[in-house]
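Next comes just one chain, in structure tokens: the form predicted on its own.
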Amino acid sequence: MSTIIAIDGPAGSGKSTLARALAERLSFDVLDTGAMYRALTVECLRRGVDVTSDEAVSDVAHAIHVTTLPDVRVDGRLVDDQLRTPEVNIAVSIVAALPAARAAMVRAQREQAAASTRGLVAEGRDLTTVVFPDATIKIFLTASLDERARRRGEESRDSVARRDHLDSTRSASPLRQANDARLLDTTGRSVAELVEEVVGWLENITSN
């Protein structure tokens, strides 16, 4: 198995920014699982599917192919500009909480990881606990609520807090820090500084 850096954390903690910076530094691939769930949500809304129906949403998840690099696409169709609409912001936590739909997406995520030959930086909310429990290094990002709301300018502080609650209390793969994940607070820290810290951790692990 290639080296996998798995990053979990709540909305706005800096997962996507750090994952892409690390991937560039290390020449690794990136897997943005949050974008995959948003893309699934976009497709469900486009098809008029009931996003509260696990069976209906999982059927869509099995039927489509989602890619996240260099752009987010569903069956080759670009959906980047649809990922953070108010409708998707509301529905994505509902979709991501559905057990069968989530199982379908986890399989897709593992398939994409298996296809990577360069190493992988994966980010989401259940990667260290469910998707990649044997990742080379596990990281749980955090930041203050005010900082996270500021970063997600299209969402209010209340919206981000709502996402936190839904993600951490859902029955299927709730957001939580894995016992062996390293906690990394990104509040007030530069991306370059965070990258250097993680690269240092990785070098220590792989040299032992």
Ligand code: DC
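Here the structure is a predicted model, which means the values were calculated and not measured. Position 1 is the first residue in the sequence shown; the rest follow in order.
This protein has a second form, the form predicted together with 2'-deoxycytidine-5'-monophosphate (DC), left out of what is shown; the following refers to that one.
Where, among 141-149, 56-64, 32-40, 178-186, do residues come within 4.5 Å of 2'-deoxycytidine-5'-monophosphate (DC) in the model of the complex by heavy atom distance?
Of the options, only 32-40 has residues within 4.5 Å of the partner.
Even though the partner isn't displayed, in the model of the complex is R73 close enough to 2'-deoxycytidine-5'-monophosphate (DC), meaning a heavy atom within 4.5 Å?
No.
In the model of the complex, is there a heavy atom of 2'-deoxycytidine-5'-monophosphate (DC) that lies within 4.5 Å of any heavy atom of L120, even though the partner is absent here?
Contact with 2'-deoxycytidine-5'-monophosphate (DC), no.
Look up in the model of the complex whether Q112 has a non-hydrogen atom within 4.5 angstroms of 2'-deoxycytidine-5'-monophosphate (DC), and give yes or no.
Taking the distances in the model of the complex, the answer for Q112 is no, it never comes within 4.5 Å of 2'-deoxycytidine-5'-monophosphate (DC).
If we define contact as a non-hydrogen atom of the residue within 4.5 angstroms of the partner, is Q82 a contact of 2'-deoxycytidine-5'-monophosphate (DC) in the model of the complex?
Residue-level check for Q82: no, no contact with 2'-deoxycytidine-5'-monophosphate (DC).
Can you name the residues of 102-128 that have a non-hydrogen atom within 4.5 angstroms of 2'-deoxycytidine-5'-monophosphate (DC) in the model of the complex?
Those in contact are R102, G124, R125, D126, L127.
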